[in-house]
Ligand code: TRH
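Have a look below at one chain only, the form predicted alone, in structure tokens format.
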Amino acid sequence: MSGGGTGRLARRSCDIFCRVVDNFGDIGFCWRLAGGLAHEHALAVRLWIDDLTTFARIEPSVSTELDQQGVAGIDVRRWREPLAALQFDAVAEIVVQGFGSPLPQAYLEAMQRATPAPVWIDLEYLSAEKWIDEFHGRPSPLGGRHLVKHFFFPGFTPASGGLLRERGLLERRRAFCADTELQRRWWSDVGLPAPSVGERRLSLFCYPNPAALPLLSSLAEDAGARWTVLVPEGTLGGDLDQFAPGLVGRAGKVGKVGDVGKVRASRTIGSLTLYVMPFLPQDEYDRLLWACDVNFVRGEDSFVRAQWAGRPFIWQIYPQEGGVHLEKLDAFLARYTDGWPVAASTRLHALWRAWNTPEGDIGAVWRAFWAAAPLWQDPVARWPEALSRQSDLASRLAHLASDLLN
């Protein structure tokens, strides 16, 4: 699907509603989407967000004190309930309901009264499952002056809603990875020297996970390499303190949001050196993913960014009742490792399962996976190149909205 026709959206109004459920993933995704629609498709975007504190952790320009503010050319509004009609002058021409968050009642009633009715897009969570292609873009009539909701499913095929990817992303990554001096300066800004010979760097962003301590222990006992592990502050919490007593306390509170600064504390245990660092603005987090040898990510936003990084990554999916999330995990793995050598695919499947369930010896499967590096390095590097040949999510959403408005 191309982005054709999106020029007709210039200065059309768009409201995006985002409730923070999965901490950084929800707002991380919605903020990138807002930027793509505003800066690449010329929409007048208003972002409604119910948790400015979490937002400010990844966007230094956000004030937690203001109910309305302009940030990077986007109108950011605090979403309070009940949302009164006087808090918005009119409903937008395009309304994006982020991840199934119920729209405010006053706003929904205003949508039902609007003439013409706005384009209403229900943005769903990303999935690699095959059924989403059939349901992507389908309408759901709701009555009330022809109000219709259209389902939008992000995905990995041309028939889905695609993945968020701003213009020039892969070109910027290639330039960064090819410039050793630029990487050295970036590491210095973070507060670390450039990696030394024989050192591997790993970013670890995850939910509380019983497999974390065994993984760290395995890295500490690795006689074949030195591991530097970068952990965003607040990640792992008690588990991290159990592994390295006092480290979290010494890290203290993060100072200024977005201070690419400077790691907060470190501890060396065997072959492993742990660093606690502040959360980074989104662009800087991308560079962290590019600069590390392997990345552990969670939720949705960092999951997608790890794919664009072209590095090996391990995803911790957001857990759901009944183990439904494991079906989604397997669906992605099947798509991601299609065409891989069998040994590499089998070992990655085992590692992701061990990281997402209490089953398996994470240390053993980690060592087996890393030993197979010659088999998976090329497929991992080719994955983002293949995905980039498809149009991006913001363009597909803009294209759908343009078709529905005209």
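Keep in mind it's a predicted model, so treat the numbers as computed, not measured. So that there is no doubt, residue numbering starts at 1 and follows the sequence shown.
Absent from the display: the form predicted together with this ligand. The rest refers to it.
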| item | value |
| --- | --- |
| Of Pro104, Gly162, Pro232, Pro118, the one that lies within 4.5 Å of this ligand in the model of the complex (heavy atoms) | Pro232 |
| Heavy atom within 4.5 Å of this ligand in the model of the complex - residue from Phe205, Tyr336, Trp308, Phe313 | Phe205 |
| Interface membership of Asp301, this ligand in the model of the complex, 4.5 Å heavy atom rule | yes |
| Exercise: Trp79 in contact with this ligand in the model of the complex, heavy atom 4.5 Å | no |
| 4.5 Å heavy atom contact, Phe17 and this ligand in the model of the complex | no |
| Contact flag, Val365 vs this ligand in the model of the complex, heavy atom cut 4.5 Å | no |
| All of Arg201, Trp370 and Trp376 with a heavy atom within 4.5 Å of this ligand in the model of the complex | no |
| Answer range among 208 to 216, 191 to 199, 149 to 157, 282 to 290 for contact with this ligand, defined in the model of the complex as heavy atoms within 4.5 Å | 282 to 290 |
| Within 28 to 65, the residues that have a heavy atom no more than 4.5 Å from this ligand in the model of the complex | Gly28, Arg32, Ile58 |
